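Below you will find one chain, with nothing else, as C-alpha cells; this is the form predicted on its own, and questions on how it binds or moves follow later.
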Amino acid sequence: MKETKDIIIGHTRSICPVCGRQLPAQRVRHGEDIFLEKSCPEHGDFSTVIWRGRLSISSWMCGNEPLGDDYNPNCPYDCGLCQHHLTDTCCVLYEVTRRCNLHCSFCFAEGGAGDDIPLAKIKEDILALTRPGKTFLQLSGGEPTVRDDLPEIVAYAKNVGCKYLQLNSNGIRLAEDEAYVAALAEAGLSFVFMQFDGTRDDIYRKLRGKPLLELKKQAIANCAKYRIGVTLVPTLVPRVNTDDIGNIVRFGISQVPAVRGVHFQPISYFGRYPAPPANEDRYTLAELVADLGRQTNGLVNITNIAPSHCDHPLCGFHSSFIAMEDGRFIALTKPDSEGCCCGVTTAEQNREYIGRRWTRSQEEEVTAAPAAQYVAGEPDDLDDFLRQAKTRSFTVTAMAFQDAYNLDIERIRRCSLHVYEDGKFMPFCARYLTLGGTE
C-alpha cells in the first residue's frame, strides 16, 4: 500500500475550542482530505476535517487572498466590524425572539429558550441598521412566528426602507394559520427561508423530534397562495439525511414557482448539540458537491456550481437554473461566468442576486409542474426562455457555517452575513460561537 505524505497547503488563524484563545492553524492534506489543525499549549492538539473527497480545494479557492499577517489578534472577540474585515454587509440577521415551538437536537439558537425582544427595541434597532433602499433583513430567532405582532414588524421594516425582508422559520405556524401568512404578505414580506430537512418523516423525527413533512408542504402551499417565495433550507447531518439530497432538490423543483431554491447547510456545531463532534460527524462542501451530481443524476453538478467569492470560497457556493414549464432544467451558472460569487463580487451584487431570485413576481401566471421528471436542457426559443426566466428561476446554494473546532479567521474576515445586536454588526459565525461542546 502506497503511503501518503501529510502536506501543509495553507496557514491561517483559529481558536482553541475549549478556552477560546487565538492560535496559528494550518490546512493539512491527509490523502484526499483536508484538515484544519491547531495546537493549544493548555488543551492540546485538534484536527478537524474541512474538505473531503476528490474535488480540488486549490482549484475551488483559486484567486483567494490568504490571511498573511493582516489580522486582528483579538478576533473573533473584537467583532464590530473591525478595520481588518474585508466584506461589507450583504444580509443582516436580526433576532426578534428567543422562544421556539420546537426543541431541535441541533440548534444554533440554543433550543429556543428565552423571551421576545420588546417591540419598541426591535423598531429602534431596525431603524438603526437600515440603509434605505438597500438593506436585506433576515428576521430570525428562536422561531419568529411565535410572535403575533410579526406582521407589524415586517411592515415597519418595509416602511423605513428595507428592500428585502426574509423570514427564517420552521414553517409550523405558516402551515396552521393561513390568515397569519396573508398578513405577512400584506405587510411586505419578500420570502421565507424555511427549515426543510428532507422528504421523509424519519428525518424530522431524528432532527426535530416529530414528523413535520406534511406541515412543511402545507406551509409551502399557503405561502404560494399569497405569492411569498420559499427557499428550502436543509441542515445536512451524516447518516441522517445526506442520502436525501437529490430528493430534496427534485421536490423543490416540482414546487416551482412557489419554491425558489434549496439552500443547504452542512451541520456545524454551535449553540446546542449533543457532544463534541468527531470527524465522521462532519459533512463538507466537497462531499455536498459530489452528492448533488450523483443523487440528481447530473441535473446539478460541478459544471453548474460556483464557489462563493463574496464570502470566502470555503463558506459556500451557488448555482442558478430555470425550471422550464416543459420539463427542461436549464443551468445559468458557470464557474467562470459573471454573476454572484463568480470572481470578486461585492456584497451589494450578491444581495441583488439573491433578492431578485428568491422574490416572487406578483404578475406571474402559475402553471402546474410538468408530469415528466426534469431533465437538463438548453433554451431553444429566446423569447420564451426570457419570459420564464423572470418567474421560474431556481437556485441551489449552500453555506458551511463554522464552529469552534473548524473556525478559520481568514473566513471570518470575509463574511457578509452579519448579525445586528447591541448596536453593532458581527459576522454570523463569530456571534454564535460556542466553546466547550456541551448541551
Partner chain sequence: MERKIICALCGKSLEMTETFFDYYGHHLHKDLPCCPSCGQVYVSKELAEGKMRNTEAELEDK
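Numbering follows the first chain given and starts at 1. Since this is a predicted model, take the numbers as computed values, not measurements.
We do not show the form predicted together with the partner chain, though everything after this point is about it.
For the options 205, 334, 225, 121, the one in contact with the partner chain in the predicted bound form, meaning a heavy atom within 4.5 Å, is 334.
322 is the sole member of 92, 213, 185, 322 with a non-hydrogen atom within 4.5 Å of the partner chain in the predicted bound form.
Put simply, residue 163 is far from the partner chain in the predicted bound form: not one heavy atom of it is within 4.5 Å. Although the partner is absent here, residue 85 sits far enough away that none of its heavy atoms falls within 4.5 Å of the partner chain in the predicted bound form.
In the predicted bound form, the partner chain sits within 4.5 Å of a heavy atom of residue 390. In the predicted bound form, at least one heavy atom of residue 350 sits within 4.5 Å of the partner chain.
The three marked residues, 357, 379 and 385, each reach the partner chain in the predicted bound form, with a heavy atom inside 4.5 Å. Proximity to the partner chain in the predicted bound form, taken as heavy atoms within 4.5 Å, picks out 326-334 from the listed stretches 68-76, 164-172, 248-256, 326-334.
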